[in-house]
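Starting off, we have a lone chain in the form predicted on its own, written out as structure tokens.
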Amino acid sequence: MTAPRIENLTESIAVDAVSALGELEGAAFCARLARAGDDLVEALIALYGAQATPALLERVVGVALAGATARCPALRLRDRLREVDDDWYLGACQIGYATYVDRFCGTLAALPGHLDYLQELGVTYLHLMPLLRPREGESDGGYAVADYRELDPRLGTIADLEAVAAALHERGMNLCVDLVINHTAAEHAWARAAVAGDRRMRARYLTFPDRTVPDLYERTLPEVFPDTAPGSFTDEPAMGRVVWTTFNTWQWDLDYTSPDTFAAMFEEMVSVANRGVDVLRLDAVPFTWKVMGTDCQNQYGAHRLLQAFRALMRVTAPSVVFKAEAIVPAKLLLPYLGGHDAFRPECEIAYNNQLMVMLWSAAASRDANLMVRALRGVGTPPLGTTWVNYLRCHDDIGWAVSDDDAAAAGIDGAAHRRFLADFYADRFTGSHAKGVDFQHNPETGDVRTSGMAAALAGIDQARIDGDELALAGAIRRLVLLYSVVYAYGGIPLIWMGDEIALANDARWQDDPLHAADSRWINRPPMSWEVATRRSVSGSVEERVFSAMRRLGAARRSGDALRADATLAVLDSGNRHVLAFTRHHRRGQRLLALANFGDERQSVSDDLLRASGITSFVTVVSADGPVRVVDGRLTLDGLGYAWLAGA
């Protein structure tokens, strides 16, 4: 069978492109196709072999052209601008904020009225959690999508989403939304048609005539939700088949070995992108390709899928970038940013889960030693890509401490993971945290943790106790942790409410749909009454909000905080203190220090020389300008400082 050739297709589609888009836009479309075509063809052949026919290439490029044609004039202009400023997401000005719409403000129509608040905080990147229409009832927080072309009616309409995107763009802000590509809800039209006997739709899902093959897969598959959804397969009597259900019985995994599934999902992707979205957060991407005898995560095919989707989106909507929701071990993360032996574009952004885990580890142990070793093992994102760095999110915290990193730090990995789970669930003597367990796995002993940042940092407990001294320390701890998030590079992401130390949701179990899922404790409704206290001098809210604003302003102070600055994690010579440098090719250098100890600590000024800094200024700190005294730099307990020089 003849392999597809992008040159032939570019020539043949040129007339259609000019007819649909006009001479200038049509020529631009063809130029993008020619540029991305080799990546696309290579990925399709790797995925589908003989099935990667010219007809498949023609189909998906046709979808790309239809999508480009459907983009409104404002989005076409945005495409042109972003083709010039194609690394906008690397800028030091980028500060993210993530929230559920209903929890934040009720509806999309109400959201523009709260943009002043976000701008006050310095936000330029707004991640709205799942918006697409989910199944009725339990929906895994919206990640069981029943229709990619409609929004959750409780949140608003497609027109409302487009209005939000336009309002954000007018303020120089960017919109990120979720797209679930590993699975659909069992109520999705494709799944309903499959149950009704449509063979083409059935082929879009991973189904089996009996348990024989699923049982073979189960031998090596870990359970994602062992408490609430054990196993990875579900009997579907109405279809007379067994369905692959990695996450829940009503979330059906798609079968990407079918080229039809790939092409169909790309159509849905284009539809979402054309609503004004700047960043598509691709959910559960490590699970998209299955291989017998493995854990069916992070497989070669999953990366090739992303490469093919990426190439097509660059042709359709070049202003749209991808963010990989890949919460995987550090050594497996860089490939989602294209970091292979030969660079292949996949996602421009990925979550830096390791930083989040290590921050909470250091906060509990008052020790940065493990953190230094773990972060050094993460690696450097390829040129043009970056991390999202975060302290908390909508999800639980899985204590991803590798045994190798732990051994290098002189501790036992399993024991440290148990310590962290116990500490943050307030089962450890001296703990300040008010988290709760999530998904205990009795076979492995692993326990994950839920809770808001303020609760895990000790603010909730100090308020309960009325302990002002403990409260002051807990606030310092929360701000210290965010100081690392802001300085480490990439895009710092604030979880809704952290900026005002919002507490755990005390009523999370009242909703029967949420009662079995402790993650809802860290998905509280936004309290706008509490938010008004950010203007009350000396209040908890004012102290935290003001500190976050200072971090944002400091972040915008120079190129060393850009995502494409070089990062180096140093040995500070003091196990309580994390030290890392950032150096941008334009010359600016920055040394960031964070003291996880409760007491005053000092480090040698040799760190400045190691950073290439001969003279410095304190860009921002917890306690005023830092000075060198007797060759030492000193930080108070739970203090931080960013020192800039050239």
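All values derive from a computational prediction rather than experimental measurement. Each residue number is its position in the shown sequence, starting from 1.
The form predicted in complex with a small molecule exists for this protein as well; it is not shown, and the discussion that follows is about that form.
Exactly one of the stretches 206-214, 111-119, 224-232, 363-371 approaches the small molecule in the predicted complex with heavy atoms within 4.5 Å, and it is 224-232. Among residues of the shown chain, residue 395 is one whose heavy atoms approach the small molecule to within 4.5 Å in the predicted complex. Contact annotation for residue 244: none of its heavy atoms lies within 4.5 Å of the small molecule in the predicted complex. Remark: residue 281 counts among the residues lining the small molecule in the predicted complex, judged by a heavy atom distance of 4.5 Å or less.
Under a 4.5 angstroms non-hydrogen atom cutoff, the small molecule in the predicted complex has residue 286 among its neighbouring residues. This chain is displayed alone, yet in the predicted complex one of 101, 454, 311, 326 has a heavy atom within 4.5 Å of the small molecule; that residue is 326. Interface residue among 140, 405, 253, 498 relative to the small molecule in the predicted complex, by the heavy atom within 4.5 Å criterion: 140.
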